[in-house]
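In the form predicted on its own, a lone chain appears below as structure tokens.
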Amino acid sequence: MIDAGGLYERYKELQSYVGWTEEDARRVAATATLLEPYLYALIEDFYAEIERHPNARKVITGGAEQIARLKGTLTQWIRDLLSGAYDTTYVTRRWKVGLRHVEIGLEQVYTNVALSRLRTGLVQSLHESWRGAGRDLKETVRSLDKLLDLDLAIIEDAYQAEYAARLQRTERLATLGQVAGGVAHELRNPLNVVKTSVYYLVNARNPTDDKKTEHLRRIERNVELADGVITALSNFARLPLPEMRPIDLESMMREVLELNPPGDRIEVVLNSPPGLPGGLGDASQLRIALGNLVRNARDAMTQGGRLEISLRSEADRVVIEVADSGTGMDEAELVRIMEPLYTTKTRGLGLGLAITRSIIDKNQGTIQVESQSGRGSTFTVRLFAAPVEGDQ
């Protein structure tokens, strides 16, 4: 949907930028009668040149009938150019020219050189037909140049807008494909387990109570696993605005560790200095983010190791460092580790760290990661310190 009003306001801004005035419009309009006899030759030259350039010619697929229509359209385009009336309708039509060129696959460079060729033809024709003073001709050519530059600017703007929109659509489709593939992979395994257990419970002859219980628990575990995949997607897609309040970081980290136990093979160290200022953020969201960091550290230490969480103050910030002694990452992995759908694990959608970064951003914080392959990783989160009572 084209915002005609917005386009016109933008066009007026561009007019101001090049110093366009009502006198410029009057000068250009005065050339319409002079240039009308030359239009046929200009149009014929325009399309004869296109025939000599295959990359420009290839977008004309309708043969002679289409070329005849295009010649009529270009003739009207030039008449509009020389009309002296540059209103919302005029600007919208120019914008649509750019959109149409994108639709038919004409490269922008050919629009630029085509307009240059028309400019040359119009100026030459003006010189041939001019009967007034040379100074007036010079001013008229300058006004015509301004107008053609404005036309080119609005057409290029349409090109860029449409290309950006197409790129976004392409990226969304690519992302949708990645998500669909990831979800299918993550849900297929637990569903297969559920299917197998259901088949057993339906068809087994006289199964023991222990066997029934075993398969029911398998079904429960795998339903929870599938639900976790869906929850991760939901959290990523619909993260609400945070409620910014003071947080006791040490208490929150202890709660995070309780909710996300690293396991018996991992030594956990929590360093928190006395008098540490509170952090400012949404506790429920930050618990999700920090829980992801703890689970990420745990998954990096499959053979056991050390998880060290350090809290400290730094100017007007509070800092949370989550360091593990796990497998670490190389430079290529480090660059992409917080991208949505990127993962170094054999299982998982690759949304955990992307959700974490999104939460930290929304809570006006920052997150950094340092890592070396084989030497573990350290994630550093910085949040604003909560104001002390009396300083608010």
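Predicted model only: the values in this text are computed from it and were never measured. Quick note: we count residues from 1 along the sequence shown, nothing fancier.
From this point on, the text means the form predicted in complex with protoporphyrin IX containing FE, which you will not see here.
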{"query": "Contact at I50, L74 and Y110 by protoporphyrin IX containing FE in the predicted complex, all three, heavy atom at most 4.5 Å", "finding": "yes"}
{"query": "Partner-facing stretch of 96-104, 276-284, 250-258, 206-214, counted where any non-hydrogen atom is within 4.5 angstroms of protoporphyrin IX containing FE in the predicted complex", "finding": "96-104"}
{"query": "The unique member of A56, I367, I355, A323 whose heavy atoms fall within 4.5 Å of protoporphyrin IX containing FE in the predicted complex", "finding": "A56"}
{"query": "The unique member of L137, L187, L115, V193 whose heavy atoms fall within 4.5 Å of protoporphyrin IX containing FE in the predicted complex", "finding": "L115"}
{"query": "4.5 angstroms heavy atom contact with protoporphyrin IX containing FE in the predicted complex for F46", "finding": "yes"}
{"query": "Touches protoporphyrin IX containing FE in the predicted complex: Q66 (any heavy atom, 4.5 Å)", "finding": "yes"}
{"query": "Heavy atom of A30 within 4.5 Å of protoporphyrin IX containing FE in the predicted complex", "finding": "no"}
{"query": "Distance check, L70 to protoporphyrin IX containing FE in the predicted complex, heavy atom within 4.5 Å", "finding": "yes"}
